[in-house]
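Starting off, we have a lone chain in the form predicted alone, written out as structure tokens.
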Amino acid sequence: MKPCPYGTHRVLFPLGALPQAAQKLDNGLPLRDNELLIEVDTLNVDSASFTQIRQACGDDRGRMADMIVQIVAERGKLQNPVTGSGGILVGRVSQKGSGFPGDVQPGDQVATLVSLSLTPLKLEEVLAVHLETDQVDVRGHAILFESGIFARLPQDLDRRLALAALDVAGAPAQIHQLVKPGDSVLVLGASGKSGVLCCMQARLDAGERGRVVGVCYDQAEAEELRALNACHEVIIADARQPMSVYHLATQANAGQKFDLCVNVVNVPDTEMAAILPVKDSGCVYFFSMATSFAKAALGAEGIGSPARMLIGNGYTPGHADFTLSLLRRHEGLRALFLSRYGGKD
């Protein structure tokens, strides 16, 4: 089959599907002309998927490793069958097809910026599962299509820190497009990886007249967020309890609803906690892979909310450089990411 720019030549079932929607991909060699072969070092599993695997395995690293190996063996890619999501990877280029675009060369250390849910992947071994970072060290190879985007890892930032940030780079870049000066912004899951970045960017864009309120589940992480000064106020609440979130969040916003709510929570059933506190003229931005868009659409209908709802797109032009630049500019933010995700090698 002639290689397709979008990788349909790697789809085994069902034929005609694109790689992300496919149930099984061909992850074998030889490499096609329009592909890049990457020897994989680390998988950064997306938060919703990692959390689901972790809960299913009871925090047992061995069982988690076995589950990841099984998913990849069955699907030819890492696509969680429950959440449908994947993550990204980091590794070194080992071979470049003659028709693959750009100046990337064998030996370059890169992070893919397309989901593992569409990336052909073959694992030889899982070396370590890092519960604290959602990262998994492996030996194996992955294949990137010519339409796939990637970034060379920066030399001035810790490798694992950069990988963690690049996994969610689309979120703060899109916040920059959504938030206007003077806006009130609510962030659910504010103390997580993408949440912290979104809070910091929202505060910058909302300016002195704006207000950013973060909702956290974990007390210790909430204290870290307060110390970072990324939010005007941080509240502790369970995003699966929409009325509780509604009352606490609006109270933190002088009794008013918000212009924008950003949902980056990594567990299901948080849709209404994001919709209820938003103005009729406002916007709800779902960046969480645990979101049920049926629940969001029907729930909004049920309460008569005409708020605009957006699906978080992991890709925004320039998002990798944008997010890494945000980390470089803010020492406290960089230190927090380093303490959580970096320095593990």
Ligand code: NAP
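Being a predicted model, the structure only gives us computed values, none of them experimental. The numbering used is simple: start at 1 and walk along the sequence shown.
Omitted from view is the form predicted in complex with this ligand, to which the following refers.
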Notebook entry, point to check: Using a 4.5 Å heavy atom cut-off, which stretch among 150-158, 117-125, 250-258, 265-273 contacts this ligand in the predicted complex?
Noted result: 265-273
Check: With a 4.5 Å heavy atom cut-off, would you call residue 168 a contact of this ligand in the predicted complex?
Finding: yes
Check: Does any heavy atom of residue 145 come within 4.5 Å of a heavy atom of this ligand in the predicted complex?
Finding: no
Next item on the list: Would you please decide whether residue 178 lies within 4.5 angstroms of this ligand in the predicted complex, comparing each non-hydrogen atom pair?
Entry: no
Notebook entry, point to check: Hey, in the predicted complex, does residue 282 get a heavy atom within 4.5 angstroms of this ligand?
Noted result: no
Next item on the list: State yes only if every one of 189, 195 and 221 has a non-hydrogen atom within 4.5 Å of this ligand in the predicted complex; otherwise state no.
Entry: yes
Next item on the list: Counting non-hydrogen atoms within 4.5 angstroms of this ligand in the predicted complex, say which of 296, 48, 307, 64 makes the cut.
Entry: 48
Notebook entry, point to check: Out of 37, 320, 300, 289, which one falls within 4.5 Å of this ligand in the predicted complex, going by heavy atoms?
Noted result: 289
Check: Heavy atom within 4.5 Å of this ligand in the predicted complex: which residues of 218-240 qualify?
Finding: 218, 221, 237, 238, 239, 240
